[in-house]
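Have a look below at one chain only, the form predicted alone, in C-alpha cells format.
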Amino acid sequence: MRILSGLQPSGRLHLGNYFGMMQPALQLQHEGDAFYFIADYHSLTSLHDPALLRQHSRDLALDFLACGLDPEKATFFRQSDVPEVCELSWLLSTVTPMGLLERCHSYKDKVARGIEASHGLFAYPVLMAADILIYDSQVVPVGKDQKQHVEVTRDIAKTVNHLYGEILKIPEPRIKESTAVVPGTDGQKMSKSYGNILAIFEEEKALKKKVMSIQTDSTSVEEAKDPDNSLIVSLYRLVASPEDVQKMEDQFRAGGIGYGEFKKRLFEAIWQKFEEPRKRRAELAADPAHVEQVLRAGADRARTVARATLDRVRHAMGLGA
C-alpha cells in the first residue's frame, strides 16, 4: 500500500500540526510504503522570501525526523527535489476543466483571507493531484476539509484514463474522522495565522508564557469548574496520561484550585511529552549534512518512481519518440 502525505513549511511546528497531521503520518509509516514530502512548491503561493522558505523547509525536516520519522521506513523528501511533478502538473492541467477548479473551496477561502489570487493559487489542486498521482499513491490521509482535493485528483485521473488508457492509479482518501480540532490559546483553531499557537520546540520560558496566557473565564479558585468547556483540559487530554487527565477533571469539578495551577500542570505535561524529540532535534540540528543526506536519498527514490509515471503518461499522450 503506497501512502502519500505532505506538509507545507510554514513556520514553527505547533500542537495543531503535530496532532492533526504529523502524528497520524508517523503511525502510518509502519502500515505501508509511505512517501512524505515537504511541500515547498505549494508554499510559493503565499511565501515569497527565499531565505525564509529555505529555513522553514530545514525546520520542518528537523521536526519530522525529531518526532520519529524513520528514513528506513518512509521516503522523505522536498517536493522541489522532484521537478517531474511540475511537468505532470502541466499535462494534467490540459484535461482539467476550469469549472472543476472554480468549485474548489480552498481557493475561495484563501482569497477571502487576503492571499493574492495568482494562477498558482487557482491551479493549486492540479499540482496537488500531480503530487498524489506521480507516486502511484493508493491512500491519501486527509482531514475533512481537504477531502475535496483528493476528489479533484480522482476526477482528473479518471479523465486521463478515459482519454489515454488506464495509466494512472485512482487514489482513495483516508478521512481522519477521529482527529479533533486542536484549540489555540484563544479558543479558536490553533493556527499561525491567528497567532494563538503553542510551538512544540519553543524555548522553555517562552512556551510557559504562552501556556499561562490561555484564556479562561472569571470563575473563582473556590468554585467548581466545567472541564468539558475548558481549553486547559482540552489541551491536557492531548499530552497527559489518562490517569492525570482524570485527576485534573475531578479537581476541576471539586473546586479549590485556580486556573493558574492547572496551566502550570499543562505546561509541564507539554514539556515532558516532547523532551526526547527536543533532544533529538538538537542533535540533528548539529549535523545538517546528515539531514540533507536523508532528504537527498528520499528524493532519489521518489524521482525513480516519479520518472516511471511521467514516462508512462508522456508516451500515452504522444510526447517524445
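Start at 1 with the first residue shown and count on from there. Given the structure is predicted, the values throughout are model-derived calculations rather than measurements.
The discussion below concerns the form predicted together with a small molecule, not included here.
With the partner removed from view, the residue among 251, 146, 185, 138 that has a non-hydrogen atom within 4.5 Å of the small molecule in the predicted complex turns out to be 146.
This chain is displayed alone, yet in the predicted complex one of 201, 236, 164, 124 has a heavy atom within 4.5 Å of the small molecule; that residue is 124. Not one of 56, 64 and 294 places a heavy atom within 4.5 Å of the small molecule in the predicted complex. Partner proximity in the predicted complex, defined as non-hydrogen atoms within 4.5 angstroms of the small molecule, places exactly one of 39-47, 275-283, 66-74, 260-268 at the interface: 39-47. Although the partner is absent here, residue 142 lies within 4.5 Å of the small molecule in the predicted complex, judged by heavy atoms.
In the predicted complex, the small molecule sits beyond 4.5 Å of every heavy atom of residue 168. With a 4.5 Å cutoff on heavy atoms, residue 88 does not count as touching the small molecule in the predicted complex; it lies far away. Within 4.5 Å of any heavy atom of the small molecule in the predicted complex lies no heavy atom of residue 160.
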